[in-house]
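Shown here is one chain on its own, the form predicted on its own, set out as structure tokens.
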């Protein structure tokens, strides 16, 4: 049953044919007579919940229910810009005779995600050029293209004619610094993906570089961002205001994403029902049909956020979410400490 009146204004964002209603949050204390909107921790703990919907190796979808848009957006921004990772920061070029300029090569290397847990390392001190075993990972890329003497004379395929003519991320090898071999005896520091193409070579061309990876955050450079995407959307709500049958039901089904509307056979009639509103993208296609646009109500639940987090592979998405929550808690604690330090008049 769709909420009406004050409840709708408070809890739903309604999509119309030519606009969107109830966009702004209005449930602040004193705005609605008869509603207790003052902050209450007990009530928050009763209503707030997190439901994991889908969890894969590099992707996580979960619902966060009972929070305000400001908290949801803060959480998203922390995932994008404040969860640290390890990435190539300095590239020492000893030899590069490829057609890729040194600056472009360094940029490409910097964007390759490195599978290394940043929680094992410290931030490098500003101005420190050398790095130590506790704040730096060192990788080497040394490769030279040669002709294949066994290749057929009539062949024109570079894969057959040359050795090492494609430089991939798998050619990057970890070179332990200091006592890193003892610190990380089971470590497997390497690029997340082995098949990232770095450069193309021809016989006689070579690349010999040394890379220093440091700990950083996406706020400083996008290469440190641990996620490919981190987004949220409000839970869709589709309400049929009256029964929709036969040909109209089939038309209605085509107006929404697959799986949203299903057609049931009831007493010989095709009757439409909402099967899974969550799957819809809200194209509002239904408003193009005069016979249907007044029979359907489209809305989004204001405090129900569907989060999608896709990791770059450096850390599992559930670890990224946990780290983002820890960082948000730290921000809140620092704010409380600042309040406590302000003298009261």
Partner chain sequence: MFGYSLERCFKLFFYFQEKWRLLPAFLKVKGLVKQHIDSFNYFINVEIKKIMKANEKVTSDADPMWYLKYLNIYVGTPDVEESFNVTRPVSPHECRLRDMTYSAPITVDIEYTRGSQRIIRNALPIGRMPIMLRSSNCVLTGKTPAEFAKLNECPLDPGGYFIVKGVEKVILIQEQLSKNRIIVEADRKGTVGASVTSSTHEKKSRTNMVVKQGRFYLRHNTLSEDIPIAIIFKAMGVESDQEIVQMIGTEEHVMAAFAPSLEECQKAQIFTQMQALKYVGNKVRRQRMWGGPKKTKMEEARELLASTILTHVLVKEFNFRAKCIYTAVMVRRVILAQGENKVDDRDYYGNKRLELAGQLLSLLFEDLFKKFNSELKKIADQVIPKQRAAQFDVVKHMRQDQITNGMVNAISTGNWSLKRFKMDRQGVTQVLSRLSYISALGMMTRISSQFEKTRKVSGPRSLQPSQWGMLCPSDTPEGEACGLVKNLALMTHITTDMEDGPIIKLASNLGVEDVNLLCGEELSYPNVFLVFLNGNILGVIRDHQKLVNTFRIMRRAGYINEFVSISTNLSDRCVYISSDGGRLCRPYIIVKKQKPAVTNKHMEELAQGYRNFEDFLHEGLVEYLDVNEENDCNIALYESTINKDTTHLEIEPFTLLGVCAGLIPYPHHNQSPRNTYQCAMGKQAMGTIGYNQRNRIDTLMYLLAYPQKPMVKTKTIELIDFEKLPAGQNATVAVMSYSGYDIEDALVLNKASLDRGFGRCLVYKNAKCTLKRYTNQTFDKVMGPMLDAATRKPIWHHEILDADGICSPGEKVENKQVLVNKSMPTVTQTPLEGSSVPQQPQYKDVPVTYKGATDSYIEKVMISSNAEDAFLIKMLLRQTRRPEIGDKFSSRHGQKGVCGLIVPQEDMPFCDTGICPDIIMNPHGFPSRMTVGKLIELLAGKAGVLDGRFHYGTAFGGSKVKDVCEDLIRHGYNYLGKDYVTSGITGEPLEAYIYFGPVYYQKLKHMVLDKMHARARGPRAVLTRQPTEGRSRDGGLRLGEMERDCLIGYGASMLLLERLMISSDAFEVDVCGQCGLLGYSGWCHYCKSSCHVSSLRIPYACKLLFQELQSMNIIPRLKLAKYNE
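Residue numbers count along the first chain shown, from 1. Computed from a predicted structure; not experimentally measured.
One more form of this protein should be noted, the form predicted together with the partner chain, which is absent from this view; the next part is about it.
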### Task
Sort through 285, 318, 58, 61 and report the residue having a heavy atom within 4.5 Å of the partner chain in the model of the complex.
285
#### Entry: Listed residue that, although the partner chain is not shown, lies within 4.5 Å of it in the model of the complex (heavy atoms), from 90, 193, 144, 233
233
### Task
Consider residue 330 of the chain shown here, and say whether it contacts the partner chain in the model of the complex, taking contact as heavy atoms within 4.5 Å.
no
### Message
Is residue 20 near the partner chain? Define near as a heavy atom within 4.5 Å, in the model of the complex.
### Response
yes
### Query
Hey, in the model of the complex, is residue 70 touching the partner chain, heavy atoms inside 4.5 Å?
yes
### Message
Please tell me whether any heavy atom belonging to residue 13 falls inside 4.5 Å of a heavy atom of the partner chain, as the geometry stands in the model of the complex.
### Response
yes
### Partner-proximal stretch of 238-246, 184-192, 214-222, 151-159 relative to the partner chain in the model of the complex, 4.5 angstroms, heavy atom
214-222
### Query
So which bits of 102-130 sit within 4.5 Å of the partner chain in the model of the complex, heavy atoms only?
102, 103, 104, 107, 108, 111
